[in-house]
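First comes one chain, alone, set out as structure tokens in the form predicted on its own.
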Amino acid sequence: MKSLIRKLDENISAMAQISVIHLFQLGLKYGIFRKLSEEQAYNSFINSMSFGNKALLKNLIDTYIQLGIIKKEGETISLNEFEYLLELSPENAKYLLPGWVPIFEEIYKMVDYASITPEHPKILMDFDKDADFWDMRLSLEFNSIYRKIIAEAGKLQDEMRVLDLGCGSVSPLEIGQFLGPNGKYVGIDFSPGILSIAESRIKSAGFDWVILKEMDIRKIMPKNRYDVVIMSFVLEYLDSINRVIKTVMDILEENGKLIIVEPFKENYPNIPAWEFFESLSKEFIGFPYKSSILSALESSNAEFKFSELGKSVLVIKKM
């Protein structure tokens, strides 16, 4: 499993690093850096730019500030002295996957349409309307890697009961396969379009132990108990994780596990660059801090053991 964990971490790191480069391109293309070679008042600058979507422009400028590309002193902004080192070595290059690159390039292109209006039809980031695009993302080898890590970390096998929060269109098949025919997999997602794709796959596979439910995970009130609960790339869409974490800890069996996969902010300093592009999805809030999850666990009053697999996977065992 060590190789899978390394592969997951190296690709997340590469996604964040490449996102910085594309942010730099945007600053050149829209004339932001040239105009900020001299000090500007923040609000005056935003209003002066020929950028239809002012909220997106503000998000872009704030991201530059977070990364140190632009400095803000009071209400004044200007271009900072900025150097960026792209890290690549023979050691980490062997873990890098090519499949996610075209998907990211498509998302970068969407910024041009989003700069006109956030409702532009060529922004393919709506979970339901653009379910096919999300299915393409979720079907990448990168995503299969963390599902394999989940299966191994959770020791998934027949007769176990698993709850997958924000299951998407592929996990019901790839994770559900470990639990049949006597176990139970419950996948919850709020997108009927994504669930429809998942439903067709599990029917073709004959996985009658896989159950899919359309639901907002922020409002779940499960009546059953589970051996494993999965939350992979879903916390970034929750405005408050405390209630969901508390609910999960309540429904876990003793010695049950909560497995979380995320690019935790403490571990990836360039992650705001990636967050900017993910924010084209109106549901996106921001990648979580590992410390926020630990705080939520402590407030749940459940006894637990907290362990990390690399930089992107947490395994919480209920004691």
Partner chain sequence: MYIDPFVIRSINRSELRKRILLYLNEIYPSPTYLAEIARVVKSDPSNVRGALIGLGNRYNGSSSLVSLGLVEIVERDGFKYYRLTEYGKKVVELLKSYHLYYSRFM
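Positions refer to the first chain, counted from 1. Small disclaimer: the values here were computed from a predicted structure and weren't measured.
As for the form predicted in complex with its partner chain, it is not shown, yet the points below apply to it.
- In the model of the complex, at least one heavy atom of residue 128 sits within 4.5 Å of a heavy atom of its partner chain.
- Contact annotation for residue 193: at least one heavy atom lies within 4.5 Å of its partner chain in the model of the complex.
- Contact check for residue 200: a non-hydrogen atom falls within 4.5 Å of its partner chain in the model of the complex.
- The shortest heavy atom separation between residue 77 and its partner chain in the model of the complex exceeds 4.5 Å.
- Heavy atoms within 4.5 Å of its partner chain in the model of the complex belong, among the stretches 130 to 138, 151 to 159, 234 to 242, 180 to 188, to residues of 130 to 138.
- Shown without its partner, this chain lists 111, 145, 124, 217 as candidates; in the model of the complex, only 124 has a non-hydrogen atom within 4.5 angstroms of its partner chain.
- With the partner removed from view, the residue among 116, 96, 205, 103 that has a non-hydrogen atom within 4.5 Å of its partner chain in the model of the complex turns out to be 103.
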